[in-house]
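Below you will find one chain, with nothing else, as structure tokens; this is the form predicted on its own, and questions on how it binds or moves follow later.
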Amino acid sequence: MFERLSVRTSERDCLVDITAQVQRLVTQCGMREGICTVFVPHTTAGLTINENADPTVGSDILRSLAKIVPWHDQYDHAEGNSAAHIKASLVGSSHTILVIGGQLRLGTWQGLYLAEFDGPRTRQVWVKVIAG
């Protein structure tokens, strides 16, 4: 099964919890055991798995990335969004998650997030579920 999610972001830098949306796709396909690969086809957004119990973790991540990669610096890229490209490279563009008993097998406090670094935009998230 292959599906595309459309995710609207609201800020230049934000994390959007997409765990439930991806789980819904896994449930709809009816697969009980296998893997779920999630990918964003964008150069200024990424995917991360991290804590979803305390929202301050996400704001801490974004604030720390902003310190490491400031929006304004001596970048050569003419579009003015080099920081977004660098952050997306640091975070990465895909994750593979085990599916066991029809459920994404994430840790107790983990969630899957679209990491937006050049929004607000509408982003695509590609989801491939493979039985096995």
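We number the residues from 1 along the sequence you see. All values reported here derive from a predicted model rather than from experimental measurement.
What follows is about the form predicted in complex with a further copy of the same chain, which we do not show.
Inset, instruction - Classify Cys29 as contacting or not contacting a further copy of the same chain in the predicted complex by the rule of any non-hydrogen atom within 4.5 angstroms, answering yes or no. - result: Residue-level check for Cys29: no, no contact with a further copy of the same chain.
Inset, instruction - Spell out, yes or no, whether the shortest heavy atom distance between Thr19 and a further copy of the same chain in the predicted complex is within 4.5 Å. - result: No, Thr19 sits far enough from a further copy of the same chain in the predicted complex that none of its heavy atoms falls within 4.5 Å.
Inset, instruction - Using the partner position in the predicted complex, report whether Phe39 sits within 4.5 Å of a further copy of the same chain, counting heavy atoms only. - result: Yes, Phe39 lies within 4.5 Å of a further copy of the same chain in the predicted complex.
Legend entry - Non-hydrogen atom contact Trp71 with a further copy of the same chain in the predicted complex at 4.5 angstroms: Outside the cut-off, so no.
Inset, instruction - For the heavy atom contacts within 4.5 Å of a further copy of the same chain in the predicted complex, list the residues of 21-50 involved, in sequence order. - result: Glu33, Gly34, Ile35, Thr37, Phe39, Val40, Pro41, His42, Thr43, Thr48, Ile49, Asn50 sit within 4.5 Å of the partner.
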